[in-house]
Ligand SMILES: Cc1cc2nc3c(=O)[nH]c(=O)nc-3n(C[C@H](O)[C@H](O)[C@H](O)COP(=O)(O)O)c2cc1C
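Here's a solo chain for you in structure tokens, the form predicted alone.
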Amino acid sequence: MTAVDRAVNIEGLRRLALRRMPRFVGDYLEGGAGDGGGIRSNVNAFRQYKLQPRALADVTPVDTSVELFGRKYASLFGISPVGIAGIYRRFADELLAEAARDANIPFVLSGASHATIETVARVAPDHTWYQLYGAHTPEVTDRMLGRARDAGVKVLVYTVDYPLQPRSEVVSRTGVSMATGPTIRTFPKLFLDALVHPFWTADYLRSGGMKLESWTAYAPPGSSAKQVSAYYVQNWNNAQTWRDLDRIRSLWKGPMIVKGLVHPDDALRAVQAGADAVTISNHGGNKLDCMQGALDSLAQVRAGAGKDIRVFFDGGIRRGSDLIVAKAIGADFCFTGRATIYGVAAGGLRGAKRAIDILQSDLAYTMAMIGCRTVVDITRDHVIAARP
């Protein structure tokens, strides 16, 4: 039995993951925007609610499955897109896709992935969704859409929450961009940190600098790993408007989710523009440190936008009970990013599967405890506001 097998919760996997990677990488994963307040708000928002158990209900067997876009998935959650995931573990994108495939849950490949959409779609052809950012050059955006479509991707996740390049106090403090990696100037002060984390360092060196293969096709021919990363940093983001949403909707014929909304009016407008669902998300706490928790935004969107739109949720999920709270508050489906990143960083494929198993088993157990045999049975009546 390995250390990841002995982890009893996501916090256990988190500790193993942070122990394996250098501090400057772990700080980036844990830092979020500004002073990290957004991440804390996301996690702590769940503590506002308590669950109400029920007795003598016929809850066996518990059925955690959910149907989305004509496909039945095994659970109430999928894996969120996490940019440059390969910095935490070599081949993280492929390993997460494989774990999602085996667990029969969706995996959203980041628009800033180390693996190509073609590679990941081959690993998990029926479970891979694709995240799109609007590139500076419309032609690049069009090529991304075309590649995803040609790879057989059915669901597009159009992410719209960064009108400007994100700001990270961790990056400012260390001088190290996770996209481009250490430089000649920063390497000396990171050397000891890397030296005492040999497994991570060996992974990094074997990968040749964690090349962003998802962007290699758009960078100038012959670009090195560092040059591809620099091209990505300069070109991945373009301030999106509602006109861009209209354009993307006209180009993508399959199901499309608009991700990164936190205001009821924005959610309604996105659905009116043709979105099949919206994902309430503050980018895992990476957008602003002064925002309210994503769960609070979910409650506001559901109350303000009504019950007829399909609402997904992403932000701060660490336990199966968190999934139930989010569902009761208004989410039709949930996603988690850091929980599965902790798993894959700690133990590769085994760790990714362990993270999924932890959430899935906790979800099923907690559903039974509150008298819910199916996900549809979870309602607002099952949660109560915690006393201050």
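Being a predicted model, the structure only gives us computed values, none of them experimental. Residue numbers run from 1 along the displayed sequence.
What follows is about the form predicted in complex with the ligand, which we do not show.
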inquiry  = I'd like to check something about H114: if you look in the predicted bound form, is any of its heavy atoms closer than or equal to 4.5 Å to a heavy atom of the ligand?
reply    = no
ask   = Is there a heavy atom of K353 no more than 4.5 Å from a heavy atom of the ligand in the predicted bound form?
value = no
inquiry  = Please tell me whether any heavy atom belonging to K327 falls inside 4.5 Å of a heavy atom of the ligand, as the geometry stands in the predicted bound form.
reply    = no
inquiry  = Can you tell me whether H283 touches the ligand? I mean in the predicted bound form, with a 4.5 angstroms heavy atom cut-off.
reply    = yes
request  = Mind telling me which stretch in 147 to 155, 268 to 276, 196 to 204, 308 to 316 gets its heavy atoms within 4.5 Å of the ligand in the predicted bound form?
outcome  = 308 to 316
message = If the criterion is a non-hydrogen atom within 4.5 angstroms, does every one of Y88, S110 and T159 touch the ligand in the predicted bound form?
response = yes
query = Quick one: of G134, P81, P106, G293, which gets a non-hydrogen atom within 4.5 angstroms of the ligand in the predicted bound form?
reply = P81
inquiry  = By the heavy atom within 4.5 Å rule, which residue out of I358, A45, C334, L29 makes contact with the ligand in the predicted bound form?
reply    = L29
inquiry  = Suppose contact means any heavy atom within 4.5 Å; which members of 338 to 353 contact the ligand in the predicted bound form?
reply    = R338
